[in-house]
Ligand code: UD1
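One chain follows as structure tokens, the form predicted on its own.
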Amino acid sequence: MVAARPRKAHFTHRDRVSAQNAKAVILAAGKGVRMKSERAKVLHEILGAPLVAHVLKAVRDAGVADVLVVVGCQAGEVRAVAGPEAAFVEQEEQKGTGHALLCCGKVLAGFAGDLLVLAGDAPLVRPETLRAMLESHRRAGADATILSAVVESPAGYGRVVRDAEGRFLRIVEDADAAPQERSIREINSGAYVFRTPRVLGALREVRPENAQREYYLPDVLKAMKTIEVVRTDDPAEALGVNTRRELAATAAALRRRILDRHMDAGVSIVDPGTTYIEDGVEIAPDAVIHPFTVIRRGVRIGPGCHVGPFSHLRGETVLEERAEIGNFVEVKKSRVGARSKAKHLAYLGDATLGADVNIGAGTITANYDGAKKHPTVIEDGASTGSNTVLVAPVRLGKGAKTGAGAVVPRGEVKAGTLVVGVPARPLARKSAPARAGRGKT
């Protein structure tokens, strides 16, 4: 066996073509007994998406379109998450990672390209790292390439064992490691690139001669002549999920990565420790996100907006330039126009607000009638009084206003009109007193 010294993951212009002639296999068949759950492990969510969905996104963002998912426990649900673009192989009996890949043998027969193999429970791997692995693998002409990481707490992970000069020797699983090997902090992430014919041939020679009596995928490395090790500079990429604690730790790492990306792009996040933003959120520079804010995937926030504290923005919400969403305000599937404000204790659902709208404290768009959702439209310059209920479908015309406690039934409030009461009606204007000498005698 000839092995190179570890290479750090890097990304160059050459990586743009590194996904050509490559397929990916995602191992997603196990139940995950240590999760103590009726739900399959890869279906547990972090930041709004199942674990396996994060892995699929990384693979596709890396440019690998041909994806094969190994399913087993709750196969139907995993198929639904992966979607119709993926292909599937069922591992009816879970006998280890090597056995899972071996189940793909018939589907992969005849394919001579590179095979990217990933665990479906390791959601923090980055597309640029996958591209770097493919690039390093091809540059070295390797039979196998491993992604490793140096972590503070390696317990539970396979260790990368090297000789005195730092050359790769083998991977030893945690359960099989000797005490000296368990002190090694460089771990196997479970991400690989293989020459497909080589790995399929080697899999047939793997035997379950280990403490778990399983077919370990790392055992195929014994049959490989040239092995590359790419060491990531972000240890979080190697984090897998086997327990609820690890699920929480992985979510925290991903959340911080997302927050850092927004701050690096010019967004002010006042307190990252109390801010929750899912992947798939767009925030323009100079927006300010205040503490205890939750922003779900599919939200778009324009420049100069202020959100929070204690705000909740749900999917398909758009805030235009300098809009403000404040304390205990929830917005769902709504567009809030430029400079419009909902600062206190409000719910906006299926609503379209124009520019310079002011939403009073306690305003609710009653969008659901028990069967269907209905829209609310609030035109430019309109405003609602405190504790207004807008019973959709309803439209407030340009500059229209509601009084405190108004319940506006379905229909339209004309531009410039003030409505009050329950149900809300236009406020009657008092007649001007007659001038002396003008009345009847």
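The structure presented is a predicted model; accordingly, all values stated were derived computationally and were not measured. Start at 1 with the first residue shown and count on from there.
Note that the form predicted in complex with this ligand isn't included here; everything after this is about it.
- Contact annotation: residue 91 falls within 4.5 Å of this ligand in the predicted complex, judged by heavy atom distances.
- Residue 296 falls outside the set of residues with a heavy atom inside 4.5 Å of this ligand in the predicted complex.
- Although the partner is absent from this view, residue 188 contacts this ligand in the predicted complex, with a non-hydrogen atom inside 4.5 angstroms.
- Looking at residue 120, you'd find a heavy atom of it within 4.5 angstroms of this ligand in the predicted complex.
- For the marked spot (24, 113 and 201), a heavy atom within 4.5 Å of this ligand in the predicted complex is absent from each of the three residues.
- Residues of just one listed stretch (57-65, 405-413, 37-45, 384-392) have heavy atoms within 4.5 Å of this ligand in the predicted complex: 37-45.
- Though this ligand is absent from this view, in the predicted complex it lies within 4.5 Å of a heavy atom of just one residue from 97, 136, 317, 340, which is 97.
- Think of it this way: in the predicted complex, this ligand has a heavy atom of just one of 350, 181, 330, 173 within 4.5 Å, and the residue is 173.
- For the stretch 216-255, the set of residues having any non-hydrogen atom within 4.5 angstroms of this ligand in the predicted complex comprises 216, 217, 218, 240, 242, in sequence order.
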